[in-house]
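Before any questions on binding or motion, here is one chain by itself as structure tokens, the form predicted on its own.
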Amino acid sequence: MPAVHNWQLGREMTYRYDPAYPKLQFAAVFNINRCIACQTCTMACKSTWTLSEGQDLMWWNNVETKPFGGYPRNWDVKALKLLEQSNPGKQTWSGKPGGPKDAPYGKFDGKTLFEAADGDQQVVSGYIPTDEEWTAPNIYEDTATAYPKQGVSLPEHSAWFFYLQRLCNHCAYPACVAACPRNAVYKRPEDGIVLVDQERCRGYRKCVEACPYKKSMYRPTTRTSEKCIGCYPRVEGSDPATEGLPTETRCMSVCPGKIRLQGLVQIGDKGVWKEDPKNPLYHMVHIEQVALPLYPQFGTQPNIYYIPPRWVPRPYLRQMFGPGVDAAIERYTNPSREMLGILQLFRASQQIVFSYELVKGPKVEEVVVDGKTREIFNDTVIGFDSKGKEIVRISVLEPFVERPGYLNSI
């Protein structure tokens, strides 16, 4: 199979197809620390895309509780077992995180799911979940690892759980694309969104088997596979409600916890993001390196990134997000002025923010975090759309509004 460069792994790997990269790539950052598992995103997706017959158990977007929850059940544990079985004790990283753009987390020395496949019957190592594993999208919700009588404290809790927000990662090297014998699954060249051609699909479920995140799903009434479509009418601006401007997906735009920021990034040589420091996603992923990919060792180079939760034991987070976890949590705990400004952009506008500007403001406070004194400045961040027009302006400190001195009673 051809060799492609996977910058999340810091090396080349094998993949079924020659490298072909979109001009722009659909991407997003989720701040796990803010999620309240209200499932507003889940229901927005369900009510928009999967209300029809045969889609009852299709949850393109879901929020699951870790470490015990998962939809389908145990999807991540089973994928990790496949990797370990193919390469026992050698699924390790070398080097140090914080390196260049083409190897920011060091080098992954183990096998990806493409490299773990037998090469004869499979091009991707995978499995098809049982019907039982698809039945409970919220199993083990809010289930903690322990219930201590004493309280817990940062940096790590003895009893913990966290919410993981999931949708299709619209990967740079999609396992579903590699596995489909009909070439029915494809990646759009204009924005990197991965779609299933319903005319070509024959429901072999090879995409379901191959996707390690299990975000390709079989619909029995049509005998075809379906998946998250990245709300592409909104992203491309063809939805009448978007007024012709690229707009965030349904799951992103309804989030009351303000944990999501979705956008488009420029792709350059070898699939590495082009330098674009004023794109908020680029800044978080490549400059601050505070947002990390989910299970980069799978090899698909996912384009959904996560700011890891502060209170979870680090070994668990490292196997989930790679070796950049410790530095990412440190940068989130003590953010730079630039990073603190970018965090205000989360859910500040339904239109996609393509670039931002930080206007520095006065110092307003000093706080002590983990024994370190940090200054707080009331900076203002301005977000711009694809045409360079200002679409949002928000300050670090939320303004207070004093109501009139009379009682307004209905």
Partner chain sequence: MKWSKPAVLLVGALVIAGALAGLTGVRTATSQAVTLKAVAVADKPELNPDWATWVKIPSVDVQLTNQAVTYPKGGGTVPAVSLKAVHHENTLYIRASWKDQTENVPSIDMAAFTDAVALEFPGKSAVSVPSFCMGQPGSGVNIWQWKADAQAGAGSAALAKLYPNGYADSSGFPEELTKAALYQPAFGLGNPVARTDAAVQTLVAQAFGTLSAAAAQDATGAGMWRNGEWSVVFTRPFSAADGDQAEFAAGKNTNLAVAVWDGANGDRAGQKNVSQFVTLQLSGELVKAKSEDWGALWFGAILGGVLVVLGLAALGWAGVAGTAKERA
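Residue numbers count along the first chain shown, from 1. Since we're looking at a predicted model, the values are computed, not measured.
Beyond the structure shown, there is the form predicted in complex with its partner chain, which is absent from this document and is the topic of what follows.
None of 321 to 329, 194 to 202, 91 to 99, 245 to 253 except one has non-hydrogen atoms within 4.5 angstroms of its partner chain in the predicted bound form; the exception is 194 to 202. The partner is absent here; in the predicted bound form, the one residue of 289, 86, 279, 224 having a heavy atom within 4.5 Å of its partner chain is 224. Out of the listed residues 181, 189, 148, 315, 181 is the one that sits within 4.5 Å of its partner chain in the predicted bound form by at least one heavy atom. Remark: residue 206 counts among the residues lining its partner chain in the predicted bound form, judged by a heavy atom distance of 4.5 Å or less. Among residues of the shown chain, residue 355 is not one whose heavy atoms approach its partner chain to within 4.5 Å in the predicted bound form. At least one heavy atom of residue 220 is located within 4.5 Å of its partner chain in the predicted bound form.
Interface residue remark: residue 269 is not counted as part of the site for its partner chain in the predicted bound form, having no heavy atom within 4.5 Å. Contact annotation for the candidate site: 308, 348 and 402 all lie away from its partner chain in the predicted bound form (no heavy atom within 4.5 Å). Looking at 150 to 176, no residue comes within 4.5 Å of its partner chain in the predicted bound form, counting any heavy atom.
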